[in-house]
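Below, in structure tokens: the form predicted alone, a single chain.
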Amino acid sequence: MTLEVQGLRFKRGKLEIGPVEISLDPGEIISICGKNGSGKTSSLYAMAGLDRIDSGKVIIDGANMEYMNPREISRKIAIVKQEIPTPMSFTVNDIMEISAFTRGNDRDAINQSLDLCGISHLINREFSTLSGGEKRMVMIAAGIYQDSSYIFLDEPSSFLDIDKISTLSSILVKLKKMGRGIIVVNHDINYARKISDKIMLMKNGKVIAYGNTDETITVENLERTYDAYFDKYDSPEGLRFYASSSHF
């Protein structure tokens, strides 16, 4: 049971992306980091089968995604996009039911997914009336309810207050223990380092570094990725990295 991305190459506008190669196991978290426009989200969408690729392939538990239909892919991969839709007059419960068209309506599972995200009290609220952070948590809960083997999240901490980011960390840990394979597009290097087993750094569509977190997140790799000087320091939370002006 593994998701293998092999030699993925494609273009988005003038940006040539790839080759991208990763291996995601159950119970593993991979973060994709880099500057805006580096190809992070495009790579995530391509891995999920939402965007066309020019070459390479995605192998999901031994099956080539190219020959899988959308229903089969959705049973394997759930994706939580950064953009939050605002469907007219839909309640949170409606959003949850629609999100998992491949599994039917499972009331207990809906409640469990909402509970995991700490938003069960919102179930009958109209989605459009929620705050940005509440909408984000609903979409994460909907992705969990889809009950796919792998879950991809594009900037899931967007719109979240500090307490909700802590809740997100707890959710990811629980999903990991449940055996879900997780890919997260992330801007926060220190947050990515905290939650991830592996990290991929991207710049201008190219992979600068990929591997185990401690081996990948180095001052040298960060400087190559972000075109900025970096330093690090020990904190009560462990090693932390930050952009520095000390070299200028």
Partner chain sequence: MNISWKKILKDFSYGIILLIFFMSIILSILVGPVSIPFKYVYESIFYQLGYHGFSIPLKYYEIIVILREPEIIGAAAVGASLAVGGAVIQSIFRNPISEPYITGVSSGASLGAVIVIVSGVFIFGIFSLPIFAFIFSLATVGLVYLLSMRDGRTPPVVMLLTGIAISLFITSIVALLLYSRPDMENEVFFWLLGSLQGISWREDSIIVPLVLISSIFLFSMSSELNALQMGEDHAKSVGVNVERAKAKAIIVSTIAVSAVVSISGLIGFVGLIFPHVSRIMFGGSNRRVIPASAILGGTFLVLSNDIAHLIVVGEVIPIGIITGIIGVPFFMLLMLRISRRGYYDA
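Note that this is a predicted model, so its numbers are computed, not measured. Numbering follows the first chain given and starts at 1.
Not on display, but discussed next: the form predicted in complex with the partner chain.
None of Glu155, Asp147, Glu97, Glu134 but one reaches within 4.5 angstroms of the partner chain in the predicted bound form through a heavy atom, and that residue is Glu97.
The partner is absent here; in the predicted bound form, the one residue of Ser120, Ser169, Gln82, Thr129 having a heavy atom within 4.5 Å of the partner chain is Thr129. If you check the partner chain in the predicted bound form, you find a heavy atom from every one of Arg52, Phe101 and Met139 within 4.5 Å.
Of the candidate stretches 72-80, 170-178, 156-164, 108-116, only 72-80 has residues with heavy atoms within 4.5 Å of the partner chain in the predicted bound form. Proximity of Tyr191 to the partner chain in the predicted bound form: non-hydrogen atoms within 4.5 Å are absent; the residue sits far from the partner. The shortest heavy atom separation between Tyr45 and the partner chain in the predicted bound form is within 4.5 Å.
Residues Ile77, Ile79, Lys81, Pro85, Thr86, Pro87, Met88, Ser89, Phe90 are the ones in 77-92 with at least one heavy atom within 4.5 Å of the partner chain in the predicted bound form, listed in sequence order.
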